[in-house]
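Single chain ahead, by itself, as structure tokens, in the form predicted alone.
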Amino acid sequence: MKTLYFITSNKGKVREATEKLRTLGFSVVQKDLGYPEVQADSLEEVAQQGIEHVRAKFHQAFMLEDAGLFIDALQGFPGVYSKYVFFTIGLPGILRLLQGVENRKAVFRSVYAYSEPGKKPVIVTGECKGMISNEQRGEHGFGYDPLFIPKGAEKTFGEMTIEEKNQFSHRAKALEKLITELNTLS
């Protein structure tokens, strides 16, 4: 098994990545080093800044991930500010912002970044289109999962098991791209 350090404080992200990477011979080890999530125009910029910060103090191969929920009716809000918005107004706040709004289309985007000492970082993206439910549903997952219904499903991510979620998930799609890149680097 190859060890892959995942720079995150989010145990939910670690569970999802571990589930996906275990079958491919990777052992995921959570490393909560923290990095500033700069206010930027794109998730890729946030990931790039994160790589630079972590590289300065951690000299092994690692990955990090940043994601955002982009809601059509709110012109892409909360987007790159998803974490801040989640901890500020939470799911009830998002539902209040969408009260009476018919267009509930949204997209979850994820960016995985992989870094090895002395090599150019690899940055990949994934997305999952769907809609925001009218109420919180489900106890699984984390973050916005109880509000997001992926296209082609009737359940929210919060009502799905990790295996079910990984069939749709923006993170799973980005992680699959990262795995392809890792296999070409080996």
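The first residue of the shown sequence is 1; numbering continues from there. Computed from a prediction, not measured in an experiment: that's the story for all the values here.
The protein also exists as the form predicted together with ligand IMP; that form is not presented, and the subsequent description refers to it.
**Student:** With ligand IMP left out here, work out from 54-62, 115-123, 143-151, 24-32 which stretch has heavy atoms within 4.5 Å of it in the predicted bound form.
**Tutor:** This holds for exactly one stretch, 143-151.
**Student:** Verify the contact flag for Lys173: yes if a non-hydrogen atom of it lies within 4.5 Å of a non-hydrogen atom of ligand IMP in the predicted bound form, no if not.
**Tutor:** So Lys173 does not count as contacting ligand IMP.
**Student:** Using the partner position in the predicted bound form, report whether Glu37 sits within 4.5 Å of ligand IMP, counting heavy atoms only.
**Tutor:** Because a heavy atom of Glu37 falls inside 4.5 Å of ligand IMP in the predicted bound form, the answer is yes.
**Student:** Going by a heavy atom distance of 4.5 Å, is Ala67 a contact of ligand IMP in the predicted bound form?
**Tutor:** The answer is yes: Ala67 has a heavy atom within 4.5 Å of ligand IMP.
**Student:** In the predicted bound form, is there a heavy atom of ligand IMP that lies within 4.5 Å of any heavy atom of Phe77, even though the partner is absent here?
**Tutor:** It does not: once ligand IMP is placed as it appears in the predicted bound form, Phe77 has no heavy atom within 4.5 Å of it.
**Student:** In the predicted bound form, which residues of 105-131 put a heavy atom within 4.5 Å of ligand IMP?
**Tutor:** Result: Phe108 alone.
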